[in-house]
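Before any questions on binding or motion, here is one chain by itself as structure tokens, the form predicted alone.
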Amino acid sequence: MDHVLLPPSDQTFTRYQDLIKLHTGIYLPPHKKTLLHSRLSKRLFASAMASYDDYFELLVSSAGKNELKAALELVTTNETYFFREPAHFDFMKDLLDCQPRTGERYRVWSAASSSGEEAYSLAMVLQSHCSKPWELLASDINQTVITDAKKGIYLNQRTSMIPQEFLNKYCRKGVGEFEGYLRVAPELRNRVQFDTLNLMGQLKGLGKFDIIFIRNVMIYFDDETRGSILRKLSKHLKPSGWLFVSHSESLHGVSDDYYSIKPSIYRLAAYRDEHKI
């Protein structure tokens, strides 16, 4: 008879919660136990583990470093799509249209870029509306999705929100074995710097940015972790810079480093104080 893999017990799930938070800062609430089971079950079979307790012991052992990396990547992968929450991109277009044509290079950071749709959406806006040299950093804790994002290949149904003018300029339709897919044009792909980065770790050498997008990720952190990450990000935002979070997220009661311009769009509190806004 085939072995039936039972979901983790509540006590075992708590151990996984602590392990995931320790390494990623992400808090997996109790209702996510089914998600953990569905995403890790194949890894248990591949590792010949009979239970989630046995698998946990592997993950925390010296021999399980690679397996831990694989497990964390599976648990932290999130679905996304191009031009998600389009009001943010419209706001950014207006910002860029008002920028002077000279001055410092315009720098943007997609700090939780997942599989790259947000980063390439930002790149399309920058290429079309930024009149000065620009650069774009896209980072994520998950090395696998970063590797895929560099390829810039997406199923057509993931691209339905891309404006037609951007589709024509910056995207190529797949043919033959790639029919049903779209690929971001190389002249745009080459403008995005993708990197693996853990927001819980040291954020050295990044410099300062005009815009930071940190969307649809802080909902997975508790308030203490959110506050810690936001303090780090404030050190990498130019004095007049802008921070974008998801419309489902708020910094109210979490950080005093920022003030709200409108829901989900923030600036540094020091900038408001200096300009007496």
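For every residue, the number given is its place in the sequence shown, counted from 1. Remember, predicted model here, so these are calculated numbers, not experimental data.
If you look for the form predicted in complex with a small molecule, you will not find it shown, but the lines that follow are about it.
Chemist: Could you tell me which one of Ala185, Leu167, Leu206, Met200 places a heavy atom within 4.5 Å of the small molecule in the model of the complex?
Modeler: Partner contact (heavy atom, 4.5 Å) among the options: Met200.
Chemist: If you check Thr159, Thr80, Ser128, Gln99 against the small molecule in the model of the complex, which one has a heavy atom within 4.5 Å?
Modeler: If I apply the 4.5 Å criterion carefully, the residue I get is Thr80.
Chemist: So which stretch, 36-44, 53-61, 234-242, 214-222, is the one near the small molecule in the model of the complex (non-hydrogen atoms, 4.5 Å)?
Modeler: Selected stretch: 214-222.
Chemist: With a cut-off of 4.5 Å between heavy atoms, is Ser121 one of the residues that contacts the small molecule in the model of the complex?
Modeler: No, Ser121 sits far enough from the small molecule in the model of the complex that none of its heavy atoms falls within 4.5 Å.
Chemist: Looking at the partner-bound form in the model of the complex, is Arg84 within 4.5 Å of the small molecule by any heavy atom?
Modeler: Close contact exists here: in the model of the complex, Arg84 approaches the small molecule to within 4.5 Å, heavy atoms only.
Chemist: How about Ser264 - does it come within 4.5 Å of the small molecule in the model of the complex, if we only consider non-hydrogen atoms?
Modeler: Answer no; every heavy atom of Ser264 is more than 4.5 Å from the small molecule in the model of the complex.
Chemist: With the partner left out here, check for me: in the model of the complex, does some heavy atom of Leu230 sit within 4.5 Å of the small molecule?
Modeler: Leu230: no, not in contact with the small molecule in the model of the complex.
Chemist: Judged by heavy atoms and a 4.5 Å cut-off, are Ile26, Ala111 and Asp140 together in contact with the small molecule in the model of the complex?
Modeler: Yes, each of Ile26, Ala111 and Asp140 comes within 4.5 Å of the small molecule in the model of the complex.
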